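In the block that follows, a single chain appears as structure tokens, in the form predicted on its own.
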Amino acid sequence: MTMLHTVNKSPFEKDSLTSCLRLSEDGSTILLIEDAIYAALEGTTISDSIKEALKTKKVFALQEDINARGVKNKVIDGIEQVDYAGFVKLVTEHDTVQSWV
């Protein structure tokens, strides 16, 4: 069973992303949306954890949320940016969606 994990809270406010990274299985897909996109930024306290996750998981970030926050040139290499159509495609490609709030 393939699982898409969506995270919408900033990793600097809640531990949702940390829990997701710890509990998601290798091969899982993680989509960062809303304030969770701050985890996709290079040079933060969480960036090493994201880089480690990229070794065994696919990590995506919603492009519209990145653009809305003005950080599009600061995204960690290896994180793929998707638009809303890409978000929908990820949902349809996975058997289950787990939202981390």
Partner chain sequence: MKLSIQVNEGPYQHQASDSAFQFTKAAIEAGHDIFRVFFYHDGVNNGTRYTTPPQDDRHVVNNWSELSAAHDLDLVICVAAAQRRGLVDEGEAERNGKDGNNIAPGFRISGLGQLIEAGIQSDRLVVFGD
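Numbering follows the first chain given and starts at 1. Here the structure is a predicted model, which is why all the values come from computation and not from measurement.
Beyond the structure shown, there is the form predicted in complex with the partner chain, which is absent from this document and is the topic of what follows.
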*Though only this chain appears here, would residue 54 touch the partner chain in the predicted bound form if you measure heavy atom gaps against 4.5 Å?*
no
*asked:* Test of understanding: in the predicted bound form, would residue 33 fall inside 4.5 Å of the partner chain by heavy atoms?
replied: yes
*Can you tell me which bits of 47-83 touch the partner chain in the predicted bound form, meaning any heavy atom within 4.5 Å?*
65, 69
